[in-house]
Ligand SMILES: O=C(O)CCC(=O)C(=O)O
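Okay, so here's just one chain, in structure tokens, the form predicted on its own.
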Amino acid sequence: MARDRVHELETYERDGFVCLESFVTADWLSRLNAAMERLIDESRTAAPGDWRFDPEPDHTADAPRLRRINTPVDLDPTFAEFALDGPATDLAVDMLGPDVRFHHSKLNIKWSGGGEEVKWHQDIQFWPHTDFSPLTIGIYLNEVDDQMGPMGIVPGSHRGELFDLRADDGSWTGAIRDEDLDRADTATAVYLKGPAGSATVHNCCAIHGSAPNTSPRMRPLLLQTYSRADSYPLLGVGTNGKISSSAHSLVRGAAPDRITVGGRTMPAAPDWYKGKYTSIFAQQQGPDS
């Protein structure tokens, strides 16, 4: 069945999320699962504290149990191709327009038999940007049912309050406080299930979370985050300075020459992050000065 991109975009803009069943082809699904299995195998002999892996407390070489594989785009070319110039990029363009910037990726595995919950939260507080266009595309690498802790999202919450993700003592918890959950309306959450290869798309302000995985099957969810090309991560706050080497890269379209902050649009300098800038003197006087 052909995709109805107009309906998908309308649903996303109204609800803050959309779920596309069987979005990924069987070939891509096989490649992504094979890449994941290779990394899980590597985790068996990884040293404690290896930045690539976030293990559960009872993870062992004989019985690996991972919560997350960090920045998979940096660890296997299959993940890089998928996220930086593949189906996930195509979907990001459908949602955001022709000019798209990549932010980061992760693979949340949620192991079988009690894989940990993800408490209710919003994403934008973790990595603030100059606007609220960032979205995350998730791919279920296995079929997901109610027992497996599917992601739940509160419809319309992307247009509502941005909650404090700190405890009363000011420490960062990354979760909405219990006393705020009624206001967050989590009782109305829609749980996104589907066959392997299904895609979820949610806005950075949408309230979402998931229960523990009580099934005998693990629930791997491959996540990649994008924004419009004129949306920029704010350095000096959150995880913006601690992510992939591919972070902030333009993956489709053209780089903008203007930026809007606080409702004011200004012409902006080129991106000299990778180095080409010398000084204002050389820029103003020209290369022969």
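This structure is a prediction, so every number in the text was calculated from the model and none was measured. Don't overthink the numbering: it's just position in the shown sequence, from 1.
A second form of this protein, the form predicted in complex with this ligand, is not displayed here; the remarks below concern that form.
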query	finding
Candidate from Leu39, Leu29, Leu223, Val251 lying within 4.5 Å of this ligand in the predicted complex - any heavy atom	Leu223
Listed residue (His129, Arg217, Lys193, Lys106) with a non-hydrogen atom within 4.5 angstroms of this ligand in the predicted complex	Lys106
Site check Arg101, Arg228 and Ser246: each within 4.5 Å of this ligand in the predicted complex by heavy atom	no
Contact test in the predicted complex: Asn203 vs this ligand, heavy atoms, 4.5 Å	no
4.5 Å heavy atom contact, His208 and this ligand in the predicted complex	yes
Close approach of Lys110 to this ligand in the predicted complex, 4.5 Å, heavy atom	yes
4.5 Å heavy atom contact, Met151 to this ligand in the predicted complex	yes
Segment assignment from 69-77, 116-124, 89-97, 178-186: heavy atom within 4.5 Å of this ligand in the predicted complex	116-124
